[in-house]
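For reference, the chain that follows is the form predicted on its own, supplied as structure tokens.
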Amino acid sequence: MEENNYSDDQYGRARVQDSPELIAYYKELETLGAGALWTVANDIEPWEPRSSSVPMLWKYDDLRDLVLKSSELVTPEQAGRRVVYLVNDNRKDVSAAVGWLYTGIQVTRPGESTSAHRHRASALRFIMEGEKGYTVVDGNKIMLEVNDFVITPNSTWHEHGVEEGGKTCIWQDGLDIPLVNALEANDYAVYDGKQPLTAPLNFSPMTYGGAGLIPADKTWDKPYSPLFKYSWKNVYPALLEAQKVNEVNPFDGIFMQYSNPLTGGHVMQTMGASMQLLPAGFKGKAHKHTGSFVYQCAKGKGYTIINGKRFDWKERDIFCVPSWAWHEHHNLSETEDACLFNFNDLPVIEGLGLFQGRELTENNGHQQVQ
């Protein structure tokens, strides 16, 4: 067979032509809750990975006032969680931003807090603005700062708030709710009252966030990271240090994965996250791979070309790259670096042996913009 011969009119693909006798046969099968595989085979077995999501960009400047307005219209007690969710044009039926990933923007005012709850879905946060925000995860209270990355693993009790005297906090939520619902495995529970604090303030980041150091006298038997907060004050200097001694990745710049400090693996079972630094003037080459990605610009400005369409972003803008979509990132500044946070479904894709990728070779690795 010729390479990349994607014609369905060849041996090995379904090529049955309808006839009155076959149509009658199909109807008879349908009455028994059955069907002929060859009528759907070419559709359910595509030549290449196929995404039902479309690339999208959500501008923070357009959304911010509406996010803040939600805090005037409903209370955390009424809403459970006060969130404006971001939905893909082609995934509205499952409330997904891309693939099987959900994202939204949550707002909490000083003195407010949500009720403690848990769910089988895993969750994460990326802090966008505000002061003295906090989360409590399984009795661990952790203070939050801008550009911190926080995890709320599968089935952990959690609640969020902003202390009196703080400033209104806004952060991005990311969850695998669409995936867990698709697997028909989700659940939800509300804690009766407030969680008791079982550890000193900031115990998790202060214990497990040391550079290359982990406690030798503690046992952690959970399938997710014991480090619940990854501080921007540590992450950005780490990117700058790595830039000094590493070749810049032609697709992703300086690309660092948030990891479980005990295993070096992904932070949670179903969702991973990364931070990448695009050096000043960076013009990334195009590639595509399986896995769905939701990005937020943490610093700087630039644009990403996705399947030939340009999406311009700046700090706090959010965009998505569907699975198997060509994409390339560009930094618009010739003097300042740019940083992109992302969360993704790579732990699932890799764990099931479904990861594959391809690099664009023509046009020196750059897409033609439509």
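Remember, it's a predicted structure, so these values are computed and weren't measured experimentally. Residue numbers here begin at 1 and follow the sequence given.
Form predicted in complex with another copy of the chain: not shown, discussed below.
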| property | result |
| --- | --- |
| Heavy atom within 4.5 Å of another copy of the chain in the model of the complex - the one residue of P110, P279, G209, G139 that qualifies | G209 |
| Candidate spot A34, W58 and M256, all three touching another copy of the chain in the model of the complex (heavy atom, 4.5 Å) | yes |
| Which of 280-288, 96-104, 163-171, 128-136 lines the interface with another copy of the chain in the model of the complex (heavy atom within 4.5 Å) | 96-104 |
| Another copy of the chain contact in the model of the complex: P46, any heavy atom under 4.5 Å | yes |
| Close approach of I177 to another copy of the chain in the model of the complex, 4.5 Å, heavy atom | yes |
| Distance check, S115 to another copy of the chain in the model of the complex, heavy atom within 4.5 Å | yes |
| Distance check, Y224 to another copy of the chain in the model of the complex, heavy atom within 4.5 Å | no |
| Within 12-26, the residues that have a heavy atom no more than 4.5 Å from another copy of the chain in the model of the complex | G12, R13, A14, R15, V16, E21, L22, Y25 |
